[in-house]
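Heads up, the chain below is alone and in the form predicted alone; it's given as structure tokens.
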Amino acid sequence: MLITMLTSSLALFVASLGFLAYDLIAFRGLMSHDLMTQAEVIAANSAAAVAFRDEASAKETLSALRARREIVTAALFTSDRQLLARYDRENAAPNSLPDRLEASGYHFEKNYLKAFHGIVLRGQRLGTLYIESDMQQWYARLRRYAAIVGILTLGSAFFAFLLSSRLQSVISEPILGLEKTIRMVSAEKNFSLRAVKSNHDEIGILIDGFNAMLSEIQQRDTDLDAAHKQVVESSRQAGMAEVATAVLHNVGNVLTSVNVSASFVTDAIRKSKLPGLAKAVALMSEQSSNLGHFLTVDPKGKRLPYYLEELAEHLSNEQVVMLKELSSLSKNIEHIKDIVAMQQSYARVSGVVESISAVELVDDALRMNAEALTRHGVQIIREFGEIPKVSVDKHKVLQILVNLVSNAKYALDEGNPPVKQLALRIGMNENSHFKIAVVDNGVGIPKENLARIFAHGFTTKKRGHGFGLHSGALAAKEMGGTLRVHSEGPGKGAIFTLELPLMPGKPFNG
């Protein structure tokens, strides 16, 4: 409201000053022209008196100036610059006469207008007329116009206040309410808040879009929390300690991306150019009575369409960026759901032998570690041979593979080769057993550690517990197979090979 009042009042004030300045300049010109006309008449009437140096006639001619209250002093000079007659306004102290007589013309000096006019008879200059006028009319006009400008400015401010008060509920209040909601969402991270819609205009549509975006974020946030709780509960019930660790680690990586996306959207909302729309609308509202002239003539108005075009483009780009970020957010949450669903499918069949593709088992183990592998820049190489479906306990096999892939990732991080490679190989042995090998080019294993790598409690990780490989080796033995390791030494990588019979109950002869 203050901006609206100041803008309209200042615009009117500046315009009024322009008119005032023009009028005062024009009035000065009118005064000078009027005085020179008067001087021309007096000079013509006094030519005979000056020619005969008749002082009485000269004074009588000058006495006609009594009708002009603005004339302060007048004087007639002969050709030899002698004073012939003089007139001074009644009840006024006589002004000093000029020391030097000028040719015909006028000039403003301090608070007076001074004019000179030659007295000519039959082409011969007989003398000079001098007239001096005060500026009281000019100053009276200045005071009168200044009062009018002041009244108009105050009046326009008052009407601008009334108009702004009425527009407040239509334009300003919805935008201020939306801005308040944006700040609260940004500060509290509370996506359940909603902006209040009061009208079905363009601002109402904008508020609907903003609320819809908040609903989408809130739903994604709810789904994320539910997915996280589901992962923890399912892992606890199934007893899949190693798988749950990998799942939660993956979910944590995805959560990082989700938080980044949510923070980006929140920051984009906080830095939105939307308040610029309110300023543009307010500017158009104050010029509603003369909008055409304002948009085509006024410099500020002529720039307004281009500003609105740029603002629309900026808001459109904001929408595209936020929709893209929301799409990424949705994909990450769907990824979490897929991981949870896959983990649950294995948890439900713990201890049950099923016929399944070995490729599917390997792909599931990679998916559970996908985010960590991608984040650490690990290149996956799949070398899958043709083998028939296998009948195994999916829960136990997945537990072993998830742990092997996770260990390989840590080995690659620690060894930090120029290109981190993790190869998964599927093939058959000569004794009708299938094998899955996990091969990395990471830190490698010293020879002295190879003999105890599967021992209970042995680990080389700073935060390891030494249960993963031990439990994997036991699980492989329970299924009639084996888990083996090979490494050429430090810096040479490692190969972990899981060998299992195609059908349960067949002894291992490896």
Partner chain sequence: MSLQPYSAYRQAVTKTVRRIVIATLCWMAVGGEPNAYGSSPTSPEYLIKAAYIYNFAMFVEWPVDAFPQESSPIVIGIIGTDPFGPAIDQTVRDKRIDKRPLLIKRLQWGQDFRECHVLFISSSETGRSGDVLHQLRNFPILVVAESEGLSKQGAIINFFVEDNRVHYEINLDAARRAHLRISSKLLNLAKVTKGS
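Since we're looking at a predicted model, the values are computed, not measured. Positions refer to the first chain, counted from 1.
Same protein, other form: the form predicted together with its partner chain, not shown, and the subject of what follows.
Its partner chain is not drawn, but in the model of the complex it has a heavy atom within 4.5 Å of D54. Its partner chain is not drawn, but in the model of the complex it has no heavy atom within 4.5 Å of G118. In the model of the complex, at least one heavy atom of Q124 sits within 4.5 Å of its partner chain. Contact between V485 and its partner chain in the model of the complex is not found at the 4.5 Å heavy atom cutoff. Checking M479, M36, A48, I453 against its partner chain in the model of the complex, a heavy atom within 4.5 Å turns up for just one residue: A48. For the options L474, M31, A64, A44, the residue carrying a heavy atom within 4.5 angstroms of its partner chain in the model of the complex is A44. In plain terms, the part of the chain that comes close to its partner chain in the model of the complex, with a heavy atom within 4.5 Å, is 124 to 132 out of 436 to 444, 283 to 291, 144 to 152, 124 to 132. Interface residues of 68 to 107, taken as those with a heavy atom within 4.5 Å of its partner chain in the model of the complex (partner not displayed): F77, R81, Q82, L83, L84, P98, in sequence order.
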